[in-house]
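Just the one chain here, laid out as structure tokens, in the form predicted alone.
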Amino acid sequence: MVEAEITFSYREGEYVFRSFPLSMDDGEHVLLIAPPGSGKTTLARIITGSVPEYSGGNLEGHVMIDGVDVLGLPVPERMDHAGRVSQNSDDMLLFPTVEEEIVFPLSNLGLPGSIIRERIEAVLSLFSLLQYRHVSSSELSGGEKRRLLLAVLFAVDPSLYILDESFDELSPAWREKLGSLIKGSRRSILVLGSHPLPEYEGVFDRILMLEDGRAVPYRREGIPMLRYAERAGSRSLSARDLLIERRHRSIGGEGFCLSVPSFDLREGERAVLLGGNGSGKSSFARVLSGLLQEASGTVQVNGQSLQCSKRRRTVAYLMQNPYEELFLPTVLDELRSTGASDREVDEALSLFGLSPDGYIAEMSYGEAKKLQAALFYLLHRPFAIFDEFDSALPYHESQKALSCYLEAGSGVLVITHDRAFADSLGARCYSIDGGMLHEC
């Protein structure tokens, strides 16, 4: 049983929650949908203890789990009661190897070594991570990192699971598997999301949305189609006979090889790229944008081979984790660092719905993605790659950002696991299957 009422503000008088109520029955599975910046992640952090312990802020109220008010417990003592999977996987991965990530919290629970070993084997198998047990988590793909965090949570097995955007960055097959695991779980599970997904269907006992500081029944909305009259420009980005190799340096073994016989994108055109976790989508994006050297083959603009250094000034790559590309204190600092004029900065702030005075350390994951998009928009690259940009953003926000780039004449490649979102873009489709990229 979960019963809570929370009032919280980071600053005096600026409330994130004001007498916010939440209740869940034992074993109930609830989905809470809300836009970025509405407080979903703050709620998860309050329950598990990192807010206000490490962030500061003013917290009043209670969170009762199994009859215990966890707000009165030190953070380490909450592990039996509540655990979360962060939407920013890199926030929670701290140890040299996959196995050590799972060992640490289990050791902190004081479990016998035999139980720890049993749980490690069980969750590594459950989330198909056995072959990565001695691999550094930094060498995993975004979806593999998400599976690792899920493995840690399932190993600890608290009374309340909190999954913050945890379906995002997972392939459709893994989204379906996670849905099945939730549906079959005896634990109370709270899933936080920014938009509905087809894989949510039939999984949850209740679906709620945040409205005026309250959790109310969700009103279903369809996915709008992206409205954009495509105008192909003169420049083209292409790849011919690419071979991309990635190795797990931490164990000296192979990661994967990706073959790309042919890929083409013109200015003003949109395309999507689909593929499973760890199939090489992000590695392909890094090669196109000059952040990774191909083993063989060529990347070309207008048929002319382009070296890595020039690709970086031609192809914008919006990484899965926006914080990897944000370095300065405020939104305005970041946007001005592009060298854009004040008029251009003001336009970007308006287009992407950003406050110039916002501190990046206090931004939600979704808001950070909008800033990341505004930043590269001001750099005027003729081509842009959006890697899992729809993660943690409502569909209309993702489409709006893509439209800004398309209207400015950029060719856009969208990497996503969400087939419904991909279909809404009306774009040409590429897919990675069996180590080869091909047009759908």
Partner chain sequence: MNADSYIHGNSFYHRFDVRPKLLFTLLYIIIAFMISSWYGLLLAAALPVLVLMHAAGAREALSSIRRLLPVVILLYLFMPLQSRDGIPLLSIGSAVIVTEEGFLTAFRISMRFIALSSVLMLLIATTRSGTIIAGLRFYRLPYNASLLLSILLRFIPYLGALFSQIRDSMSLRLQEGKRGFPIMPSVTAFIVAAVRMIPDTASALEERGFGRPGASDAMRLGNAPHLFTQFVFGAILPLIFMIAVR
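Positions refer to the first chain, counted from 1. Since we're looking at a predicted model, the values are computed, not measured.
The protein also exists as the form predicted together with its partner chain; that form is not presented, and the subsequent description refers to it.
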Worksheet, complete the sentence: From 347, 157, 264, 139: within 4.5 Å of its partner chain in the model of the complex by heavy atoms is 139
Worksheet, complete the sentence: Checking 76, 233, 217, 303 against its partner chain in the model of the complex, the residue with a non-hydrogen atom inside 4.5 angstroms turns out to be 76
Worksheet entry | Interface stretch in the model of the complex with its partner chain - options 87-95, 172-180, 266-274, 186-194, non-hydrogen atom within 4.5 Å | 87-95
Worksheet item: Closest heavy atom of residue 105 to its partner chain in the model of the complex, within 4.5 Å or not?
Response: yes
Discussion item. Residue-level contact is defined here as any heavy atom of the residue lying within 4.5 Å of its partner chain in the model of the complex; does residue 328 satisfy this criterion?
Written reply: yes
Worksheet item: Does its partner chain get within 4.5 angstroms of any non-hydrogen atom of residue 42 in the model of the complex?
Response: no
Practice prompt. Determine whether any heavy atom of residue 324 comes within 4.5 Å of a heavy atom of its partner chain in the model of the complex, and answer yes or no.
Written response: yes
Discussion item. Check for me whether its partner chain, as it appears in the model of the complex, comes within 4.5 angstroms of all of 48, 337 and 381 - heavy atoms only.
Written reply: yes
Discussion item. Heavy atom within 4.5 Å of its partner chain in the model of the complex: which residues of 20-34 meet that condition, in order?
Written reply: none
